[in-house]
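Quick setup: one chain, the form predicted alone, written in structure tokens, and binding and motion questions come after.
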């Protein structure tokens, strides 16, 4: 029996009946001959990301899918994962936060993304500094995004961010979540850094040029998602599988790096609606030569859900199915699921169960003939928790641990 696994996560895959699709979900309405074939020859069901009816974000959902349950015992925070995702090197005890370069005028936020500025790496050097013996390290991400790393002694991630998530409002003041002296110290230092950074950005040559061109200046830092870096048992230590990740968006690369997976760079894997799914599938197929476990993440399904675009989500699923068919005949177990549901009707995450299919040698096929929400109700997997998906897969390849 083969020991290769392709673990595909179509972000936000699950949905609810859509009026535009005559009462079907995007997955049900989509023409997906290859995934239907996998369902017909495999086993289907649903997984519950955390607990029934509980809405979850992508980070915790992936921790559960990879068997790191409960995620609260392992989860270092979104800031840490975003920092790892853009390639930042973290040390034990580092505090990391997500950053948006924003535009502020007369003390109010005019644009949370500074006109979606294309590159903020030009600010890295000027915004990396030391304050009262504590290091502040800025690392640029994609477009307006970045990560901020705070390194020093006596720090805490128990702090609130300054992003009100709406324009027309003043940035919030950084506050500690508790009265812990370390949290109070960190909050004061971070506010001091943000104020100093705002002064630097207000007169920065890049922003002066942007204003001359009528573009919004990237003159303020909005931070959120503070977390503290700590080590966890690697995926290889936990399952004795050599793993890699193919993803476009930084969060999922960060999750992979946190678990010690290799992150493969694939041209065209953008983490957007226009991501090159053909290149991703080819990369996954080639990775089977060197890896036991390939984590393949696709973000677009979630983006269409957030946009409320049911037809776009359906059409993207069809495009993905066509690309996925290129792995027909490979030896290995193929898993197709999502991390959570993002119904187009809600334009946000929901607590609905997520469709799941597993195909491979040794699978006892059920009576599911299509991959869709209605059909998965008939699947032999029934309704399992996300934390149990990895164990179902490991059982198929004969690698599950024996309880004695």
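Note that the rigid core is defined as the largest set of C-alphas that superpose within 1.5 Å between two forms. Just so we're clear, the structure is a prediction, and the values are computed from it rather than from any experiment. Positions refer to the first chain, counted from 1.
We do not show the form predicted together with a further copy of the same chain, though everything after this point is about it.
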If the criterion is a non-hydrogen atom within 4.5 angstroms, does every one of 17, 56 and 350 touch a further copy of the same chain in the predicted bound form?
yes
Thinking of a further copy of the same chain in the predicted bound form, which stretch from 71 to 79, 264 to 272, 196 to 204, 90 to 98 has heavy atoms inside 4.5 Å of it?
71 to 79
Hey, in the predicted bound form, does residue 33 get a heavy atom within 4.5 angstroms of a further copy of the same chain?
no
Would you please decide whether residue 341 lies within 4.5 angstroms of a further copy of the same chain in the predicted bound form, comparing each non-hydrogen atom pair?
yes
Would residue 46 count as a contact of a further copy of the same chain in the predicted bound form, using a 4.5 angstroms cut-off between non-hydrogen atoms?
yes
So which bits of 258 to 284 sit within 4.5 Å of a further copy of the same chain in the predicted bound form, heavy atoms only?
none
Is residue 72 among the residues whose Cα moves by 2 Å or more between the shown form and the other one after superposition of the rigid core?
yes
Quick read on residue 72 and residue 139 CA atoms in the predicted bound form, 3 Å or more from the shown distance, and they're farther
Residue 245 to residue 71, Cα distance in the predicted bound form relative to here: closer or farther, by 3 Å or more?
farther
